[in-house]
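Next up is one chain by itself, shown in structure tokens, the form predicted on its own.
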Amino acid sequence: MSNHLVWFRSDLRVLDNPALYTAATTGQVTGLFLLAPQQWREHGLAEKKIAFVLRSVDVLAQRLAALGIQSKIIAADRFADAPRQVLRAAEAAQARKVFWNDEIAINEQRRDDAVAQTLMSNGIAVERHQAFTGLPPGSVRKPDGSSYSVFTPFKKRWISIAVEQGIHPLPAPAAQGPAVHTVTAPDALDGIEKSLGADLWPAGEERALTQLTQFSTAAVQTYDTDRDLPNLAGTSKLSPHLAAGTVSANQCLKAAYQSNGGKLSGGSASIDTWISELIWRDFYNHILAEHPRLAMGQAFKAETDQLPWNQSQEQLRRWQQGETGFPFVDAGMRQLNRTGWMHNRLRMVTAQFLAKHLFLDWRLGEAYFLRQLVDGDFAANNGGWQWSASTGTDAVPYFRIFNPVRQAERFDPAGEFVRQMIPELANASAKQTLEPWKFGGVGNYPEPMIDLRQARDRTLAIWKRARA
């Protein structure tokens, strides 16, 4: 039986892992994970995410060891080091073929192409699979073969394909022998402690599956309403696991499908909504695969790159620190800074405040989110920011601008979430948490940094001039 090497990246699981499953059915497997701290730093990944990945690698190595699969964890500081390191690992394992699941962003694609070329030029075969999205990029097409740029028709076609093909997550591979000694990632990497955020974000495949089961059998039933209320635990909190690949999109979709009475649409409104959110994740990743320039700081709507974006570092700093003087915005930013995660409703509100009210370049906000988010996924983060800034595919119209006070009135009317996140307002009344300046201020909470109406009018005027 041949020896194979399986290179793990954003697929840190043994279940529903096509590269691992296929390799294990045809040979003896060795697992490989490359640590690329310098590259991750250059890509602006959050320290909490890097720590989460390291902990997830440990869990994966344990699960592989129980299946008799030895793992190697190797330092390859930059993607440029990957061809040499993967070749060396393959030769050490006497592997005749290297398997992996493709990643989607342009730098990762270039890295993988370089690795494949190096391996094949040294007589080692390569087999690449797709596992990051529910349906592979490029598989959801219009009848004329072109790609979608609007979500609703993409979703309809996505569902029709998924119904026709079915959703069939792969099982774990069979054990290839008795358990072997496990390996672990270093306790610290490039100054980042592996334990960072461990109290908030338990890592690994088993934890992901537990969360998925708990959510899909209970909280998903009220997801349609609860997901917009940041003071409730109304979302799955699976996004860090999806980003690291400790659970797959298809595992989530299968669980939703089963909870929805065997339907991907037309069932429970709440479950339908969660399925739609999972398809949005696919949509943004398919868009990124189709338009790699999005990973190069460019807007989907190229003409919007000519907008005269504000570059004020002081305004950016106040937004980053949650000191804008608008409690709902500041509560979201402080949640992000404190936990490495932000409720989705707040992601939209804070992004629109930056890109619409402050008219700061959306790329500044996109980069800051990525530097903080434990669930940082480039495609989803970029897609969400460009949606909010009206520069992206199927984005909100430029004249739609979320008013942070009205948003708070709808989604945190009693001020419970604001009081949790902003100590200065811990004893404020409900009305004071909405507009503290109308009460002469509350404690040392800052005054509003802008007038909302004037800022809105200015932004609309800029957009109208640009469109004219």
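The first residue of the shown sequence is 1; numbering continues from there. Bear in mind the structure is a predicted one, so any value in this text is a computation, not a measurement.
The same protein also exists as the form predicted in complex with a small molecule; that form is not shown, yet it is the one meant from here on.
- Site residues 404, 411 and 417 are none of them in contact with the small molecule in the model of the complex, judged by any heavy atom within 4.5 Å.
- Residue contact check for residue 280: one or more of its heavy atoms lie within 4.5 Å of the small molecule in the model of the complex.
- Of the heavy atoms in residue 376, some are within 4.5 Å of the small molecule in the model of the complex.
- Among heavy atoms of residue 236, some come within 4.5 Å of the small molecule in the model of the complex.
- The small molecule in the model of the complex comes within 4.5 Å of no heavy atom belonging to residue 391.
- With the partner left out here, the small molecule still marks one of 70 to 78, 326 to 334, 158 to 166, 381 to 389 in the model of the complex; by a 4.5 Å heavy atom cut-off that stretch is 381 to 389.
- Contact annotation: of the candidates 131, 119, 242, 189, the single residue with a non-hydrogen atom within 4.5 angstroms of the small molecule in the model of the complex is 242.
- Proximity to the small molecule in the model of the complex, taken as a non-hydrogen atom within 4.5 angstroms, holds for one residue of 368, 223, 398, 257, which is 223.
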